[in-house]
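Both blocks below hold the same protein chain, though in two forms, and each is given as structure tokens: structure 1 and structure 2.
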Structure 1
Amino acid sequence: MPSNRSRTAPHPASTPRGGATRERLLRAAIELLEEGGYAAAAVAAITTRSDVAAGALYRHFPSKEELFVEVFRTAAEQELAALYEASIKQGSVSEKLDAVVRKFTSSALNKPRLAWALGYEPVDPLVDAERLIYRQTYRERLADLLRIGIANGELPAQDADLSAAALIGAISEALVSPLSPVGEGVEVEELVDSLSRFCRQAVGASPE
């Protein structure tokens, strides 16, 4: 991704982000999501894991839904930062695209339960709205990368926004079964290779 800018406006509840108790609650919630999804991340389980009283949780977050909005925001910001780092380590746009796709898919497949919870599991409308914001951010960053390739002649002329949306949709659909708690296991390296190859071909990027 060519830009590491944050999304337009931070949620008021997310600032300031300091405080050891707040961070323990977020860390406990993320750990529980990784272990068993939203069903495992009940308020009682979060407070027990973080060794924080329920009353303290509600002093930091007005509701469980607000807590999960912040959990999703924290995880998504970390993922965006990781994708940015992956993209700037490579040379050509084709290499940058390859690095971004590989980082995104391998990260999801290495933590499938967390990726399923963050990307696919039915959630409260507040969390779903946050999910849509970050999905749009992923698309915008990828479209920026494609525009660079189009401008310098590495990629053929195309609608960068449409191509970026199509790539994200294809990746998301391809990961549904591998990430699902009831899905079949896959060979991670083979799937990552296949998705990377598909994405390069789809936008007219040079092969490996």
Structure 2
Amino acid sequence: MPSNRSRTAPHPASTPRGGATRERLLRAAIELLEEGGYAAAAVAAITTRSDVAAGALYRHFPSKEELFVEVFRTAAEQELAALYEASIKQGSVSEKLDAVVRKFTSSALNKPRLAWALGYEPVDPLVDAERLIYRQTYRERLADLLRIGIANGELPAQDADLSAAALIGAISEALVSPLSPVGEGVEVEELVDSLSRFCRQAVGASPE
């Protein structure tokens, strides 16, 4: 189908300026989330940062909500991919858990506000639904990892779903609380070590 397609596909692309505005909008939204949470990510702010007028947003998304659904979905995919990566490496469940904690931790520490916004901050219903799916998925994957450990005797018997949820909660809280006064603490490494130890002990993984 080279030349002829009656009623050709809309139009490939053709922006007067440089990059795709759509991408700039998404990027701006993420940046604003990083800086000031959902409250800072107003339409005006997003479009201003993208060097377009407010109306332009609606040429690319049916609503602000839908834009954020995409932001959340993208972020969730990245997190889940990272979790997957961490979970296939190495052998021992304890090591995998350690890797997961570090992965999870490093992104959260790099961008605390973003992590908070993506994970906890209540937003519009549509976005919330998206987040619920992500959380559930993350929990399930983590529970799978635990189940493997339980099955092969590395971990004691336990409710894997509950443990997974509790781990996520423990990590989030431990990271969010001490870091709220934005100042990047000094003992980040130490914190992560302690946290990793805590998590492994919590599920009964053999030490070290």
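Throughout, rigid core stands for the largest set of C-alpha atoms superposing within 1.5 Å between the two forms. Quantities reported herein were computed from a predicted structural model and do not represent experimental measurements. Start at 1 and count along the sequence of structure 1; that gives the residue numbers used here.
- Assignment of forms: the chain in structure 1 is the form predicted alone, the chain in structure 2 is not.
- Smaller rigid part rotated by 16 degrees relative to the larger one between the two structures (C-alpha superpositions, whole degrees).
- Structural comparison between the two structures after rigid-core fitting shows the C-alpha of Leu25 displaced 3.5 Å.
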